[in-house]
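The structure tokens that follow cover one protein chain in two forms, given apart as structure 1 and structure 2.
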Structure 1
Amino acid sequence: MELDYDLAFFGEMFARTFSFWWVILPSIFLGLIVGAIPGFSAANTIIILLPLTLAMDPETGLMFMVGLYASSRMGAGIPAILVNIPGTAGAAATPLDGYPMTKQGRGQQALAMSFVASIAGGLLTTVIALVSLPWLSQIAFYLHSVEMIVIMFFGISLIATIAAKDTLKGLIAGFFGLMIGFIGTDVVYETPRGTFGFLELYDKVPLIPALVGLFAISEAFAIIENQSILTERGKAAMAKPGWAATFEGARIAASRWWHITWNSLIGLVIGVVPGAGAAIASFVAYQQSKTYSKTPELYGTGHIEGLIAPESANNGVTSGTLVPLLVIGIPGGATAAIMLVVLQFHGVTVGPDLFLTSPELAFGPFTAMAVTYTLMILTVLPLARYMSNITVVSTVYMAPIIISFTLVGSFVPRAYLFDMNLALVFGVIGYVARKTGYHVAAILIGVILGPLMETYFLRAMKMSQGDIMVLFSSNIGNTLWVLLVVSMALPYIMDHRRGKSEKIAANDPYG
């Protein structure tokens, strides 16, 4: 696809998009709220608000949806940092270092860091996506079923090694999650598998009850052991409120500009692959950040890079998912799929022709995203100071609030009472997992990837007529297998080398 647009065109597009500030601003605040509440993803909210977006003209509707999408991604990190409950699965890696920071009384600083990383990462990747649309869209063409299966294994292995202190326990949690994700009828033969006879499970395990149970319910049952989620040092730090922590957080995040750039690019590339999503991107970013860090031992204890990496990556995904939607008409995620429905309702055909016939619609989502992130600098960053106050609320009040509001939130997507029971079952699994060192994030990512992995397996098997060696039949796939093995082995090798050099340094009489 040849695109011939100059800077003046893009300048005009940005100016035009800024004139929609009256649509984008409310969508930012709505997105922050729905992103922060488990069960209210951007996709669900856009579905609920379809009568509104369908009544708007296509361009205004797109501005609204894109604003909501981008801000909800950032909103999902807020409860992940403050109360260890990610708003969506894409923020599942955020609490690994964000929540320990909150416990230390650095919640406000952590929020500011997360906002800067999200805004900078989102803004940067949007601009890159805009100028490299034709090339980025090619990525999806190179990844077929086999490559996607390896990517899924990659995701699970990374999470297993990152999220749990014991890799064996992490792998068990991840693969258990995958098996749970296989529950339901298969897409080709429609045979029910592992459903325990429940009709409600025929359509796979719904993600919201799994997220609510594993993170929110289990956390609520765990936090009642203490009066506050803050440590004694954290309480002392929170007793001195002010703007300084916000500025300091923003400054620290800005000083890690290279880290933000690199991780948001990882998010962008993963976002372009349909189905891969923010959850994988944030864990891949976390893993590579830890692997190449000079202080990997600090990850999981409230480390700055451990927070910045997943937040910049999952916001990089946001613009990435729009690339295949607009260029080849394949939505990169659920929200992008709903945008496609709205565009089709208005008679807009998505694809290469759109860039020639309606450039304002084709480039509009990217400029809207850039404007959304720009407006968020002014509107969202100052909120960090006030949002962090939630951490001083006693667990006596917090635990029942978390249970009641998230439990009923699990009912919302399908309106099945069964889903509330399911959330409780996942809550029990999550509680046992938390208490015994099996990280809940690994189980959740398994549940998310299970159905996708199975679909790709079925396709690969169908094409190869049941030959399992098809898994090693592609060059890209084989390269990914090698990378998978290397990524599993690299942390051990680097640990070993680090230990060796420390030993040498310790024995050096002149050192």
Structure 2
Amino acid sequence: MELDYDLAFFGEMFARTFSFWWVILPSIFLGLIVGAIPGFSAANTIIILLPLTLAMDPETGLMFMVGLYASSRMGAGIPAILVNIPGTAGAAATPLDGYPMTKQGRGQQALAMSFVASIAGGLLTTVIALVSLPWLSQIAFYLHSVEMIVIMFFGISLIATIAAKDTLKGLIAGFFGLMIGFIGTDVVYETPRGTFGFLELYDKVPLIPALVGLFAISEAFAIIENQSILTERGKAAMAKPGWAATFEGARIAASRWWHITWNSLIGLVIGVVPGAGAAIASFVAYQQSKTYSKTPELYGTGHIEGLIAPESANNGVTSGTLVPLLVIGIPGGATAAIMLVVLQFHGVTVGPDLFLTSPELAFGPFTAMAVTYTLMILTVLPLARYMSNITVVSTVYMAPIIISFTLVGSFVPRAYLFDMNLALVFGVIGYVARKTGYHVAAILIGVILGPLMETYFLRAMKMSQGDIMVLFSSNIGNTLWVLLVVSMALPYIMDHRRGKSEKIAANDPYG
């Protein structure tokens, strides 16, 4: 696909998009609310509002949906940071370091960091996607089942990274999650596995009840034992209201601009692959961030880069999912699929011809996303100060509210009462895991990535007639295998070198 548009054209597109501020601003605030409620997402909200979007003209409808999509991605990180509840699977890696910061009384600072990383990552990747559509559109043709299997392994290897403190418990938690992820009918013969006769489990374990149960409900059970989720030091820090923490958080995040850049690019590339999603991007980004960090031991304790990495990556995904939709007519995710429905309702045919016949519709979603992130700098960042005040609420009130909201969130996606009971079961599992030293994040990684990896693996096996060597038949795949081995080995090499340096320093009589 050859595109020949000058800067004047893009300038006009951005000016035209800003004129839709009256549509984008309400979609931003609606998206923040939707993203912050576990179980709700941009996709099911747009479905609820589908009659409204269909009544709009195609351009206005796209502006509304894109604004809602981008802001909901950011909104999912708010409860993940403040109360350890990821709003969506894409924010599942955010509480690993975001929530410890909140417990230390740095919730306002953590939110500011998250907002800056999200806005910068989303804005950067949107601009890159806008100017490199012809090349990005080819990624989906080069990343097939084999390559996706290796990318899955990058995410799953985070289990081993989490297991570094207690290898046996970490691996047990990860494999337990993988076992749960394989519940349901298999993708080849549709044979039920581990469903215990429940028809509701035939379509695999629903993700939202598992997500909110392991993180939110188990956390509610845990915090009720104390009067506050804050430590004593955290209470003292929260007793000093003001804007200083917001500005400091924004400054710290901006100083990590390189970290935001390369993690958001991970999200962009993964987002271009249809079906990959923000969950994979956030786990891969977190794993890569920790692997190449000079202070990996700080991850999980409230480390700045541990918060920035997943937030910049999952917002990098948003623009990536629009690339296959508009260029080749294949939606990259659920929200993109609904956008396709709206466009088709209005008689718009997506694909390469759209850029020639209706460039305002082809480029509109990207300029709308860029404008959305730009407006969020002024509208969302100041909210960090006020949102963080939720952490001072007593757990006597906080725990029942968390459980009530998350149970409703578990019910929403499929409208099954079974899913509310399932969330409580996962809540008990998560609570027991916390009390016995097993990491709930390792369990969740298995639940999310296990079924996806199985699907890609069986697809590769079917195409190769059962030849396992197909996993090493691709040049790109082989390069990714090498990078995976390097990523797994590097922490041990760095630990070894660090140990030798400390030993030399200890034996140095002049040290």
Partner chain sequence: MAENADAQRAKPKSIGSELIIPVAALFFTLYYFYTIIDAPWTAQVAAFIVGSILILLVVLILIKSVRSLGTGEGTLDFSNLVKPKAYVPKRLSLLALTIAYIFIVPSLGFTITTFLFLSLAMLILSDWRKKRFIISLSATLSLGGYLLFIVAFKTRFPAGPFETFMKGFL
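The term rigid core refers to the maximal set of C-alpha atoms that superpose within 1.5 Å between the two forms. Bear in mind that the values here come from a model prediction, so they are computed numbers and not experimental data. For numbering, take structure 1's sequence and count from 1.
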Response to the item:
Form predicted together with its partner chain: structure 1
Worksheet item: Can a Cα shift of no less than 2 Å be assigned to residue 61 between the two structures, given superposition on the rigid core?
Response: no
Worksheet item: So with the core overlaid, does the Cα of residue 83 end up 2 Å or more away between the two structures?
Response: no
Discussion item. Quick check on residue 472: with the core superposed, does its CA move 2 angstroms or more between the two structures?
Written reply: yes
Practice prompt. With the core fitted, just quote the Cα shift at residue 451 between the two structures, in angstrom to one decimal.
Written response: 4.8
Response to the item:
Shift of the Cα of residue 211 between the two structures with the rigid core overlaid, in Å, rounds to 2.5
